[in-house]
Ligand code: KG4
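Just one chain follows, in the form predicted on its own, and it is written as structure tokens.
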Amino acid sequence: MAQLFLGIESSCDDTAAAVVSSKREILSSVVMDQSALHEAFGGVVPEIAARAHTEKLDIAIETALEDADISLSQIDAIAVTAGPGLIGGVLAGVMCARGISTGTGKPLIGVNHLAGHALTPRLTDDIAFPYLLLLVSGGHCQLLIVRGPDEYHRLGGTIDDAPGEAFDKTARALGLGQPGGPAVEKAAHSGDPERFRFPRPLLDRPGCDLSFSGLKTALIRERDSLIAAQNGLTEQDRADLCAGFQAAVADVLSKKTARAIEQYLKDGPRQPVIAVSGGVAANMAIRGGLETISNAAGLGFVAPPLALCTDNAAMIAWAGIELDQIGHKGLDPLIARPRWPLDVQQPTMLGSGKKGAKA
């Protein structure tokens, strides 16, 4: 008989709840966006986000149960994001989940937000371990071999900005809207990616580590040169800058992933697959580059639906199911963690990002 898990996610600026079954059925998925609350500030304000989570969590959970047409008593267990993330938001979700668990007697599992992203390809496509994963989001960028629900080997990661942060900063620098990823991608559609040849950081060095801070700085220099020369930017300037920036990010991610494939294949996977997850995985240019790389290497390629790339609670519920199936009984005590690397065997990467340590 299938188990039903209630998932709760509140690590950044989306309040989410979902009901997922152990048969890989998403019975409901509710995401309450906070973008309007943060728009005037050009980015997520942690205090505002935490307050909004506190106000919306019970509504999101009630809606998820209604959409799934079940009652709280029919839930078998609760999975909640326990980190990494903005500590106020994570704490709001954890305390809400603890209250529900205490009141109902249902088991509670604390889930690593990054594990939610990492295991999403198994929810959507039932791929086998081990698989190669590019986890690329607003606050994180890592290349990982996923060997189990709680077993990750990091091949590389960003040493500074994550791609999502770089997209956001680029959008602000060009006077585009937030979130920056979709705004830059939209502008890039009408741009010439060859007009500005931006650097491809760290491609001249071995290994799978990445860097995006210098790329963002190079774009700002080009912007400033254009403004000085012509007393402003045209819409075509913005489009070309976005296209060049996006092409550089996609190129770096594809070539670093190609290097990671070589290490991954040493594991001798029976069904070799490259998966991509996280909010930036919604970018079609980046997806296209990764699919080309995987096809050239003869590997399968999996990219979850766009709605499951960005933060959501269905991935948290599924991660809870996977952990439960291997006998994981949850964190004791369950606490909110601002930082929580997936690969605990390696030193933490430099930087903190929006949602905690890079890796």
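Treat the numbers as computed from the prediction; the structure is a model and nothing was measured. Note that residue numbering begins at 1 and tracks the sequence as displayed.
There is also a form predicted in complex with this ligand; it is not shown, and the following applies to it.
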Worksheet item: With the cut-off set at 4.5 Å between non-hydrogen atoms, does Ser28 touch this ligand in the model of the complex?
Response: no
Worksheet entry | Heavy atom of Thr257 within 4.5 Å of this ligand in the model of the complex | no
Worksheet item: Do Asp161 and this ligand share at least one heavy atom pair within 4.5 Å in the model of the complex?
Response: no
Worksheet item: Any chance Pro182 has a heavy atom within 4.5 Å of this ligand in the model of the complex?
Response: yes
Item to complete: Taking 4.5 Å between heavy atoms as the contact cutoff, choose which of Gln142, Asn283, Thr120, Thr170 touches this ligand in the model of the complex.
Response: Asn283
Response to the item:
The listed residue (Gly83, Gly157, Gly116, Gly138) that reaches within 4.5 Å of this ligand in the model of the complex by any heavy atom is Gly138
Worksheet item: Pick from 303-311, 319-327, 56-64, 38-46: which stretch has non-hydrogen atoms within 4.5 Å of this ligand in the model of the complex?
Response: 303-311
